[in-house]
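For reference, the chain that follows is the form predicted on its own, supplied as structure tokens.
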């Protein structure tokens, strides 16, 4: 029997990420999580919640969070983290391209270092568009393609060779901002940054941090162009 569609097992990477990610928090990632989630309110869906490091950064006006994580080891760690969070968090199995929620059921969607690794980035964003209500927000903190030709070339080489194997399927050269806009979101706030901000940046250093809005619809809904499998 194969792995259920709601799970994606990456046991080696999951344990490495669980070890390394907390060490990034005092280096500045914790501050970026605060910025990512500042002002979030209402019902939230977080896709690719990992080991739950965002959970402690949700503000009190967050009424509930449904955190989706396909990797079972990381999901177990996220469940433990949810129990200590100051807001109500439910951790569930699921994959980004097939979210187990009704359309328009969330005020905010959150993605943090996940769109670089999903198999179908546009499909994952279309699902987020579907489950976020009209006028709701997508909060994102993601690896993105570099703006400089040299580093962008390094990213493409890394993506074509060993980087995805080392980094849990991460592809550093994706034009994630274009993909967000393509499914119908409108990017309203954007900050580009490098993390870590070393003198010689690694392929995954370029990040985009921002807010996109699902507009009040006056045109056909792009999410309805892609059938949803329940």
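Residue numbers count along the first chain shown, from 1. Treat the numbers as computed from the prediction; the structure is a model and nothing was measured.
From this point on, the text means the form predicted together with a small molecule, which you will not see here.
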(message) I need the one stretch from 42-50, 59-67, 181-189, 200-208 whose residues put non-hydrogen atoms within 4.5 angstroms of the small molecule in the predicted complex.
(response) 42-50
(message) Please tell me whether the candidate spot formed by 10, 114 and 117 is one where all three residues come within 4.5 Å of the small molecule in the predicted complex (heavy atoms).
(response) yes
(request) Decide whether residue 71 counts as a contact residue for the small molecule in the predicted complex under a heavy atom distance cut-off of 4.5 Å. (result) yes
(request) Using the partner position in the predicted complex, report whether residue 109 sits within 4.5 Å of the small molecule, counting heavy atoms only. (result) no
(request) Tell me, yes or no, whether residue 94 is in contact with the small molecule in the predicted complex, where a contact means a heavy atom of each within 4.5 Å. (result) yes
